[in-house]
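Shown next as structure tokens: one chain only, the form predicted on its own.
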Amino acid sequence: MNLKEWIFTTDHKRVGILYLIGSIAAFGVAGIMALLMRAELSAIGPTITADPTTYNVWLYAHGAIMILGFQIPALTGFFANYCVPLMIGAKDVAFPRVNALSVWLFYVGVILALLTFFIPDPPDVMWTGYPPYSTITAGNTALYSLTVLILGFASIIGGVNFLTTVAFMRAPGLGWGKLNVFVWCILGAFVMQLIFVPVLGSAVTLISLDKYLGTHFFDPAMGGDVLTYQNLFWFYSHPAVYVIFLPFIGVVFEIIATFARNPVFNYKAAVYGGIGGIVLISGEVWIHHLYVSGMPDWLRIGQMVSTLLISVPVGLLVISLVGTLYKGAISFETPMLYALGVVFLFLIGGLTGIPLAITSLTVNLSETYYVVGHFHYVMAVAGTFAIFGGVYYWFPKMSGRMYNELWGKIGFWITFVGVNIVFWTMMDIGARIGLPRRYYDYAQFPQAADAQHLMTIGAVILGVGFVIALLNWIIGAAKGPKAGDNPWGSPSLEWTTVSPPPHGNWPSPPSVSEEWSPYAHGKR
């Protein structure tokens, strides 16, 4: 491997793999932070650290790196870069040099995040950066703000690139109605990124101005308002849930359609009603995060309605997934196990989210472990399962080799068991005893000790499962058996070229017929 070629590459496939390497490294760091927190919480009292600030740094690093350094870059960086040009029959993206700039900006952001552990006074702002704490803490809030800005800028230029690519570089004959669902999901995610990322950038910039230049945007004593920050933060961060959700559900669509040997059920409803509905409504639901922050009742009621309303387009996508399985010739390879795992985890997360949308229930559940368990089910672990399933699915295309199927399935089941031990228990103690989240210790809740210990065991189990998957990829890429160009028998365009694809993807540009479909496995 020529290192110089990788550093200066503009090939979308290599850029995508660089995103994958960086995001998996970030996932490892965020996972270690989670294990440190779980070790600390495994028993009442100080366990591995006596410093609550250290625990806060672990919490900040876990949340910020997992979302901004792993999930969003893996989904809108790796999968978008590697798959979208291949799926639309393009030789590359519209702006290859801009694309290369985006991945190196991502790496700069990851390096800045890692500096958290080496600089004096590391950021102590959770992952949300709420004032007034973030403006009075001794921690380096500027590092938090700069990291968010750099990662946000990388996503913005990526969004411009891919919207242009899909609009103008599709293969002859590939109309909008023939695009893979995953491509539509990427388009929707990048539209939301372009709209909402600047809002988050403004919010974190104002925090640093308040702290270091003496402005008073969030200082009530000088006419500011801390809730302004919360509104700005969640005006981005709730749509960010769908920036993660849409690509990962798109990955699941590709896997399920392939391994069920069925066309996507109700394609138009999924694309226009599901994806389009999420993009339209996603900016109207943020205030349910502020139900207990002093919002007037009339505003809570309006936001409750809009929060419940977004379940309609999400439901259309889930119905389409389940319908695609109906009467399918289903085979249960490792990617399919992860895809079905996503459906199961997301259903639990979605159904347990309904109480959080209802004002009278949220008042009691807010800031408890129930919220953390729900959030991890609906986005964190569901999204991570989709990423791992997607890597397994496109692994033969990327490497030209096959992973070990037995170890792939073993890794899935170990992880699946560990995930449910941790996060079902978490929701249980949140709802049953109201255990507050983000606490360094829980001496005032001794009845939670057994559950905390059980969750720590579960975290170790799921960590083992993820390590098995990573080793499976590394060993498979190095010496796995040769894979054919299309081992899954998918009709989608990315499987019509050799594995791994050459520079330019095809010897000559592909074209599609009027009857062609990326899901033409057969008819019901």
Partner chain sequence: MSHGGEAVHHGHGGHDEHEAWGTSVWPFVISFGVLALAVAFMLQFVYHKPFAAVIALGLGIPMILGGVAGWVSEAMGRGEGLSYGAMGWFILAEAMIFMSFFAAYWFMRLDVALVWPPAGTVPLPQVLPLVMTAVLVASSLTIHHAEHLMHAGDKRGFVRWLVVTILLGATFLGMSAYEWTHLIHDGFTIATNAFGTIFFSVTGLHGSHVVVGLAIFVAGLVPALMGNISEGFWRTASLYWHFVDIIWFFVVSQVYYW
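Numbering follows the first chain given and starts at 1. Predicted model only: the values in this text are computed from it and were never measured.
There is another form of this protein, the form predicted together with its partner chain, and it is not shown here; the text below is about that form.
Exercise for the section: State the residue from 194, 454, 169, 402 whose non-hydrogen atoms include one within 4.5 Å of its partner chain in the predicted bound form. Expected result: Exactly one listed residue reaches within 4.5 Å, namely 194.
Practice task
Would you mind picking the one in 498, 467, 461, 39 that has a heavy atom within 4.5 Å of its partner chain in the predicted bound form?
Solution key: In short, 498.
Handout entry: Residue contact check: residue 23 to its partner chain in the predicted bound form, 4.5 Å heavy atom
Key = Flag for residue 23 set to no.
Handout entry: residue 231: touches its partner chain in the predicted bound form, heavy atom cutoff 4.5 angstroms
Key = The answer is yes: residue 231 has a heavy atom within 4.5 Å of its partner chain.
Problem - Touches its partner chain in the predicted bound form: residue 450 (any heavy atom, 4.5 Å) - result: No, residue 450 sits far enough from its partner chain in the predicted bound form that none of its heavy atoms falls within 4.5 Å.
Practice task
Considering only heavy atoms, tell me if residue 410 and its partner chain come within 4.5 Å of each other in the predicted bound form.
Solution key: No, residue 410 sits far enough from its partner chain in the predicted bound form that none of its heavy atoms falls within 4.5 Å.
Handout entry: Stretch from 243-251, 92-100, 375-383, 412-420 whose residues place a heavy atom within 4.5 Å of its partner chain in the predicted bound form
Key = Flagged stretch: 92-100.
Problem - Site check 13, 112 and 512: each within 4.5 Å of its partner chain in the predicted bound form by heavy atom - result: Per the other structure, all of 13, 112 and 512 touch its partner chain.
Handout entry: Interface residues of 18-41 toward its partner chain, as seen in the predicted bound form [heavy atoms, 4.5 Å]
Key = Counting only heavy atoms within 4.5 Å of its partner chain in the predicted bound form, no residue of 18-41 makes contact.
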